[in-house]
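Given next are two forms of a protein chain, the same chain in both, each as structure tokens and marked structure 1 or structure 2.
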Structure 1
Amino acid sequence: MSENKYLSIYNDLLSKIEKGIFKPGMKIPSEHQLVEQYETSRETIRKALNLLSEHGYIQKIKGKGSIVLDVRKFDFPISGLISFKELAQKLGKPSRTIVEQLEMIKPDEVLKKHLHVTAREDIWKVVRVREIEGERIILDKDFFNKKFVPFLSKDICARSIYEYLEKELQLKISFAKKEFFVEECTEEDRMYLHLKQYTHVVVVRNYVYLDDASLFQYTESRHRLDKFRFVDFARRIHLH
């Protein structure tokens, strides 16, 4: 219901692109035309179009118009790392999540640094393995500050912690910083994953921040080399 006007226009235009009413290469109506269609002001239309542009659906060209792009349909949903769930869904492959550890700990030196916490604070530690087609591919180690996440259960971890945090606890995730690099396998990797002949894993460190800019989660995700994949869609910034 009471959606923002510019968001509802964004969604309306998006669905027209996805349904093929606006086809790749085509120009969508001009801002002036859209102002009349949606009976709103030009800045509101521009907000909707800028969103479409930032998400890679259209390209705005000064003096010409906005044309529909075709880059996105080949790809995974939005820019960024495809999650385990999305991957499994896309590929239509049988998969499951195994909760290996769930405990309350005090942070060690490394974790204190990553989570910006003191030695006295309580931290949830969750270790999960993601299995696709019977192969244990990804090792996820999540750490949550108990201050933000008072309760966790194996059941919640086996489903989606993510959904629990956003829907049940109403935590508003605002932004995340990710780091990727390759590391030699650890004992822990060998214990939990089916590594085959691979001697290295791709490590993704994920720092998640809430709406009020407080860091509440640190995750280390360790992927078997051959099953790692990432897609990034980046708009170039033209300052100056």
Structure 2
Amino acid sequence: MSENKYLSIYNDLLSKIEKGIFKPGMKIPSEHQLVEQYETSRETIRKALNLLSEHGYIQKIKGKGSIVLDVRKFDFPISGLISFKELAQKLGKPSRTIVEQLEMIKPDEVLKKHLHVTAREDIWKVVRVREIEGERIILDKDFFNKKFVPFLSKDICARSIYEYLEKELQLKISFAKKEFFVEECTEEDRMYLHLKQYTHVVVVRNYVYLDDASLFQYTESRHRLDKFRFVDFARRIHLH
């Protein structure tokens, strides 16, 4: 019975978290209060709380009790190319883009490799912070080959670069190769993002091509760990 009891308590507490009865940052009732509320043993309550902790719904803090974590995540598609403006419209959340840097640079060795360019070519460097619901949770570092993108402005970068490229320049953005990593936060991450207690970020590297297979953009998109769920649809392929 106690096995079913702790799962029943877990599901009840989880339901209260998901419905917002226990909001992010709130302390849930103490073990002693839960023992009385559910008329069960302390061991059963601890098992239910441990399961909530393991699944990322609460953080048990010594001497303070159990704090509810913010488990709301935004779906970010793995396949498909989507701009932040399009993503923000899909999410329906208040959002904005802060342009931290826009400059013309000469590529270093790393960039030469990523963009397949020579040291003589000009590259646009754009650093933008993406804010959703008042929290700065994405740092985007974009590099565009000037050969394909002759002009950029802070206004264009703040609104939507892809909208400008496709509507104004009539570029046909076709496909991208994506790489995913989890890396330790850098000083730059700490400077620009609201990282809270997180020590790592999810890094997505995009190599973006036009319809004639020209590589025109390299992007490093750095995401706060707790806020994004990367989603894709996969179908099983039968090999004969």
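Numbers follow structure 1, counted from its first residue as 1. Superpose the two forms; the largest set of C-alphas matching within 1.5 Å is the rigid core. Since the structure is predicted, the reported quantities are computational estimates derived from the model, not experimental observations.
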**Study point:** Panel number for the form predicted on its own
**Key:** 2
**Study point:** C-alpha of Leu215 off by 2 Å or more between the two structures on rigid core
**Key:** no
Review point. Asn206: with the rigid core matched between the two structures, does its Cα shift 2 Å or more?
Key: no
Review point. By how many angstrom is the Cα of Ser15 displaced between the two structures when the rigid core is overlaid?
Key: 35.5
